[in-house]
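Below, in structure tokens: the form predicted on its own, a single chain.
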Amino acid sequence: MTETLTPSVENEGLLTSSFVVEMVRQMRAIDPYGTYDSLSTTEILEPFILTKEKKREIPIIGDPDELVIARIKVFYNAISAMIESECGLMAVPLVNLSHEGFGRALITVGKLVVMDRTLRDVHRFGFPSLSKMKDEGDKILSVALELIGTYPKVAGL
């Protein structure tokens, strides 16, 4: 059984979580023409959810389009904004991708690298469910905050 973003009791708690609220804020920030203004939270987050059926429809080899790259940047920007709100230090995301969809995502705080991910097949970027996306964001956030707590001098540079 696959999860979609239909309004439900389980999704209601997720939709009001700080990470999901930040994801929606970041998605609205990259919308220069206001096309997301009339969309609900679930409609804005729908492209991030890739069920097994949706993933099967995407070819294994492919080049990412601008919308996929923008969604990847939104995901890491949201994590960076959450880091800033938690510790008060500026977090800077860097996403470097080749035209084939391979690359790296970094988040730095001061001189400290708090997240380093290798990205592969980004044209298939997505999460099986909203809760998996939130869990991944929360996991990255907790590791980043732990690193900042361990190395505060480096993070403050």
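The structure displayed is predicted, hence computed values, not measured ones. Numbers for residues come from their place in the sequence shown, where the first is 1.
One more form of this protein exists, namely the form predicted together with another copy of the chain; it is left out here, but the text below deals with it.
Another copy of the chain is not drawn, but in the predicted bound form it has a heavy atom within 4.5 Å of Thr108. Contact annotation for Thr118: none of its heavy atoms lies within 4.5 Å of another copy of the chain in the predicted bound form. Heavy atoms of Leu145 never reach within 4.5 Å of another copy of the chain in the predicted bound form, leaving it off the interface. In the predicted bound form, Leu89 stays away from another copy of the chain, with no heavy atom inside 4.5 Å.
Across the options 24-32, 99-107, 54-62, 39-47, residues that bring heavy atoms within 4.5 Å of another copy of the chain in the predicted bound form belong to 99-107. For the stretch 141-155, the set of residues having any non-hydrogen atom within 4.5 angstroms of another copy of the chain in the predicted bound form comprises Leu147, Tyr151, Lys153, Val154, in sequence order.
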